[in-house]
Every structure is written in C-alpha cells, then in structure tokens.
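Only one chain is shown below, in structure tokens, and it's the form predicted alone.
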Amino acid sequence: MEITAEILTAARRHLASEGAPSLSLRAIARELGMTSSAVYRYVASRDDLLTWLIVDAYNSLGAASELAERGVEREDVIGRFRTTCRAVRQWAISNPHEWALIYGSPVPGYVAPADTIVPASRVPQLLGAILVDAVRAGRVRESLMGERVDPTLDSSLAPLREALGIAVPTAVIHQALMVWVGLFGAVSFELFGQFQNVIGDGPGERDALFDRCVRRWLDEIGIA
C-alpha cells in the first residue's frame, strides 16, 4: 500500500507539471528510484494509472462535498444545497489539475472503465438526496411540482426518477439536471479561464458571482 501511495503521489505531481496525456510510468519510476518493471508490478499501464487518478479525484471531491454538507442541519435544505455547491467550487480551486482531469478535455486514447462510475456519482447523489428531502418536506415550488413536460422527456428521465426513490415530478428532475450542469459548468468556466476580462478577479468578486448563481439555481429548482 505504501508503494501504491507513492506512485499515486508522484502521478499527481506529473499530472500538474506534464498534463494527463503525457503521463509516463517510466518517468514516475525514475522519480521514485524504481525500475519500470517494478512499477508495472503495481500498475499495469498508463491507462490504469489514469483510472487510479480519476477515481481518487472523484472520491476526494465527493468526500469534501459530503463532509461540508453534513455540517448543516438536515431540515435546512437551502443551506445544504448552498454548502454543497460552495464545497464543489472550493475543491476545484484547490485541485485544478484533478478537476481538469475529470471535467476537462478527454485524454486521447483513454476510455474510462466502469470503476469510475460510482465515485463520479457521489456529488450528483448528494444533490439528489437534498432534492428528495426538499420534495418530502414540501419545500419545492408547487407550480413546478405540477408542471407538464414533453412525454419524451418524461420517458427519458424515468430511470433517474426511479433512482431517487420517491415520486419526484419530471419537471423538478429536469430543473435539477439543469442546475447540475450549471454548477459544474460555472466552476469549469472559472478554472479554465473563460471569465478572464469578463468577471473581475479581485477579492470576493468571483465569490459574489458564484453566490448569485447559487441563489438563481435555488430559484430554478424551486426550493424555498
């Protein structure tokens, strides 16, 4: 386990300095003072190493978001949602290279295996749990609860509705999906430089924009 941790730590450094497409097991072996064959006993290929990094990043993001959300009273669904959104952004700012790995450009030739699905689902599941609690508590806007949607959309979202475990109307699920896209899109825009010369980067300026977005997302999803 100690050698595995050392390989993963070195891989993170190479991710930051070289980028995911240039990850090299040979380079990592040299840094650790190991032979390439010794490293290959622990990780079979560059793609396996990428999977390690991706799973680790998703789990780190999920754990940070869950820890922050657990610190808020259960009945405070607005506070739980706001705290989760802020935790996602803060983790991304603190771990920009890992965020780029999991939400940036795909690595040429790499196809993520099924092992990444559960870790990748941690934040969406956390947001889904907040939504379910809001519906159960009658905290979702009544007009949205009764809104009609296109039958095709209703059918396509059936698996997600079933996964939530209670009868959440399709319109609410659709709004929640839009909010999920908005959250991760806003964080990616900030990290990937899309706000340059658009939004100031002085103290608190981008925080203020993000908090405004969170308030709008709460309006969109109908939580009050």
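All residue numbers are counted from 1 along the displayed sequence. In this text, all values refer to a predicted model and were calculated from it rather than measured experimentally. Superpose the two forms; the largest set of C-alphas matching within 1.5 Å is the rigid core.
Although it is not shown, the form predicted in complex with a further copy of the same chain is what the next lines describe.
Participant: Verify the contact flag for R13: yes if a non-hydrogen atom of it lies within 4.5 Å of a non-hydrogen atom of a further copy of the same chain in the model of the complex, no if not.
Facilitator: No, R13 is distant from the partner.
Participant: Is there a heavy atom of Y103 lying 4.5 Å or less from a heavy atom of a further copy of the same chain in the model of the complex?
Facilitator: Yes, contact at 4.5 Å.
Participant: Look up in the model of the complex whether Q194 has a non-hydrogen atom within 4.5 angstroms of a further copy of the same chain, and give yes or no.
Facilitator: So Q194 counts as contacting a further copy of the same chain.
Participant: Even though the partner isn't displayed, in the model of the complex is L157 close enough to a further copy of the same chain, meaning a heavy atom within 4.5 Å?
Facilitator: Flag for L157 set to yes.
Participant: Considering non-hydrogen atoms and a 4.5 Å limit, which listed residue (A29, A64, A186, L50) is close to a further copy of the same chain in the model of the complex?
Facilitator: For this set of options, the contacting one is A186.
Participant: So which of 82 to 90, 141 to 149, 126 to 134, 67 to 75 is the stretch with heavy atoms within 4.5 Å of a further copy of the same chain in the model of the complex?
Facilitator: Selected stretch: 141 to 149.
Participant: Looking in the model of the complex, is a further copy of the same chain within 4.5 Å of a heavy atom from each of E6, V43 and G165?
Facilitator: Negative, none of the three is within 4.5 Å.
Participant: Going by a further copy of the same chain in the model of the complex, which residues of 15 to 50 come within 4.5 Å of it through any heavy atom?
Facilitator: Residues within 4.5 Å: E18, G19, P21.
Participant: Quick check on E18: with the core superposed, does its CA move 2 angstroms or more between this form and the one not shown?
Facilitator: The answer is yes, as the C-alpha of E18 shifts between this form and the one not shown by 2 Å or more after core alignment.
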